[in-house]
Structure formats: structure tokens, C-alpha cells
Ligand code: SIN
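So this first bit is one chain, no partners, the form predicted alone, shown in C-alpha cells.
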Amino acid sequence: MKKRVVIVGSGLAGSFLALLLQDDCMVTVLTKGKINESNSMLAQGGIAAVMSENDSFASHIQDTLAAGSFHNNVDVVEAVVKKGPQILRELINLGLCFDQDESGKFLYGMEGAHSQRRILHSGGDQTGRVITSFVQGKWQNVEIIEDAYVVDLLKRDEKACGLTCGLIYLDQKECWQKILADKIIIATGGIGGLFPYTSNDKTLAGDGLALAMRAGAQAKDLEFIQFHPTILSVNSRCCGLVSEAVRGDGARLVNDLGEYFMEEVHPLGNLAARDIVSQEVYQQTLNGQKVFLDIAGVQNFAEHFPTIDQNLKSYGFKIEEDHLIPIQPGAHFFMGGIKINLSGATSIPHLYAIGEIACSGIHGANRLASNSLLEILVFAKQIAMDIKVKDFSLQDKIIEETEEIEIIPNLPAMQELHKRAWEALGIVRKTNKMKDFLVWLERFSVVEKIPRNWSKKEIECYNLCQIACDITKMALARKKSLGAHYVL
């Protein structure tokens, strides 16, 4: 009998893993929204990989470590950098296409903190959508359950780290459902929903981290949240990412005084690491300046960046007339998360995590641009191999039943939570602000299991409050600035 594997999340992480397991296991993918709603579908920049003869593993490794402030797990960095290109070649052999020049050679892009042009793109700025859709198009034996909001993990016993062997979720009609499994993989993406300004898909709210930690899973590096410096700003709202690849092709940051300020801040100028650029853009706004991305130096903008161009036009921008794009920083990527080993396993038996919600240590204190998709491909392979070689079955074990408790929720307004999270855990952090935030958070509900009378919106707010507590505690414990954790 085939093993039953349940994957929570339909981004590239969950989708590629489902593809690798579909012939050997009974695979079910649960997704909070629709199958095409994920950060992977929004990924513009591309995928970093040593595919050019002018590049080297040593160079890519060094760039990754330097961007991560050398807080990275070196073994993981080396494994991902060295194994990733072969997996990419396998996908290319299956028919995945990347952008090429007229002679058929790959067009390598340049992004911040890279020392080489090594970023592969597909469809210009549609790389994440192209790869994820390609992988999902190869599914043949995968069950898909959309609009499934996973609430809690089921364990064999009440011990903090008892064997994971199922989960409960709210379906489209908000009815409680249970599903059993031999292995569970959390691939729910990051925590962008904690902040008012973010590049993340609307479904990303840290749910995977919250349910894993409720079940007793260990977490790591939660204080490291990457803020992207160039998100389209319309009436002080984040309205879509403007990829770092635009700066790689010649765009420059400028304020409303006409000052191209990044040249004075860092030797790499506009292509400095994201934490450095975000902090400087934030400082400019504190000084009362408006900040723009000047794309006058970018050749064939609409052709190379069709998604960004279309988004700009939808908001009434005429780039051919005005080359200045108003931007602001926003929450982009979560370097911390559920702690995993080189096989993708968490501290709870039979529970894995992959993608942005997992912390393998590759990104250190600040992710190097376009390393995230590469990490996903490598860890999907690792997890698939681990699952295939292990002989086990948990479905016939005794499952702890979820008590049908009812508690009136004591939760904050989401707008207030967003505001306070940005002030305490945003680009620049102050100890007193974080302490005040923690005191404020501790007044709200704390439950061991999610009550049956709570709605999806209430559960989501509760999850965000709980992960905000854990992030703040880790941020307060790290007294000195490091990478994306910048303390004044």
C-alpha cells in the first residue's frame, strides 16, 4: 500500500514536491486559497544558479554568505548551490524554458549582492509563475483540495512532540474536516500578512509556522525578516513588487530632490544587499523625502518586465513619458521559520517543512536575491528521497481527537496589529517599541487548540498574534544588529 502524504501549500515548494512523490505515494495538496495563489506565482526576479562557464560555485557560495552576514549554515549553502543546477537541467530536459538570446544561450540577469550575472528568467519577470505552472502541469496523480484552511496538526498522543499523523482544516464552507497521513509537509509560505506593507500574496499569514509551533516544533531565526526596498507605492499603499532585476538592468534610486543617494551609501550602490537598500530608503522617507526608481537607463523595459509594465499601466503610469516609479519598502521574505535539517525534517517525527516557512539556514540574516527558488528545488528532492526510503505507516495509529471547545475570541483589530507590528518589527527596530508590542500582544487569547466556534479570519488573526509574540521575543534576545535585524 502506498504511503499517504499531505502537503499544505501549493506554491513551487509544495507543487514540485508533489510532482516528485506522485508516482510513489498517495499525494494530497491542500491550499488555503486557489491553486494559483502563492508567492511563487508572484516571483519576478528569477532563479540564481551556476550555469555559466564564467561563474563558479565558490563565487555563488561567497555571495550567499556575505549577503547573509555569515549567519548562514555553510553546509546547506554548499549543498543548495552545488545540487541546484543539476535539478534545473532535469527540468529543462522536461521542457521548462528560460529566456535565451538569438543564439540560444541563456540570458543571465544581475541582481543585488551578486558578483556575477547568474539569474535565469522565464517570461522576463514571470519566472515564478512559469516554473510553478510548468510543475503543476506535470501532475497526474495528485489530489487537490482548494480553500482548505489548515488549523491544527493531529498527533498520536498528547506529548509535545508526539508523532504527527494527520491534520484538521476548515473547508470552503468553514466546516471542520480531518485528514490522516503518514507524512505531512508544511509549505505555506511566509508571514507577509503581519505587516501593512508587503509584496506577499494575500494568503500569506504565517499559518504554517503557527500550527507547527502549537504542535511543539522548534523554530529558528524568527527575527530575520527581509524588507524589499522597491514596491510600487500608490497613495501610501503597496501595489506590487518592482523586481530587483530592474536595478540590475540599470535603474537607479532617486529622491524628490534629484539625489541618487545609493551611490554615496555603499560601494555596490543600487545593487547593495536588500537590508542596506531598504534601510536607506526608509531613512529617506523619515527625512521627508519621496523616493523613486528611475528607469531611464533600462533598455526595452516593457519587453523585459511585462508584468511590472502591465501593473504600472493599470495604475495609470505612463512610463514612456515619465521614468520615475514611486516606491516604498515592504515586508518581502522570511529568513526564519520552522527549523529543518538537510532532509527537510522538523523536530516533530514525520513532519517536514519546505520553502519560505522553513529555516534551513541557507539565507542567514538576509537572503541573497533569487536564492529562494533554488533552495526549494533542492529541498524538494531531499524530502522526496527521505520519504521514499523510509518504511512506515501511521494511519492505523490512534489519533488524538480535537475537543469541540468554544471560547469567545479576544483578539485585536487587524489594522491595529499591522500598525504595531510595523512600528516594532519593521525595517528599523527599537527595544522599547518591541517591549511595548510584546506587552500589548500578551493581553490576547492564548489557547492550546483552536476552538470550533472561531472563523477563518479570527484564526488568522490569532495565528499572527502568536507568531508576532515569538518573533518579538527572538528579536529582543538578539541585542545587536545583524543583517535584516537592524536595532537602534
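Since the model is a prediction, treat every value here as computed from it, not as a measurement. Just count from 1 along the sequence shown to find any residue number.
Beyond what is shown, the protein has a form predicted in complex with this ligand; the following relates to that form.
Residues with any non-hydrogen atom within 4.5 angstroms of this ligand in the predicted complex fall in just one of 417-425, 455-463, 25-33, 42-50: 42-50. This ligand is not shown here, but in the predicted complex it comes within 4.5 Å of a heavy atom of residue 243. Although the partner is absent here, residue 223 is not a contact residue: none of its heavy atoms lies within 4.5 angstroms of this ligand in the predicted complex. Contact check for residue 132: every heavy atom lies farther than 4.5 Å from this ligand in the predicted complex.
Residue contact with this ligand in the predicted complex: residue 380 places no heavy atom within 4.5 Å of it. In terms of contact with this ligand in the predicted complex, the residue from 228, 118, 183, 121 that brings a heavy atom within 4.5 Å is 228. Taking 369, 338, 351, 251 one by one, only a single residue has any non-hydrogen atom within 4.5 Å of this ligand in the predicted complex, and it is 369. The partner is not shown here, but in the predicted complex the stretch 259-294 reaches within 4.5 angstroms of this ligand through a heavy atom at 274 alone.
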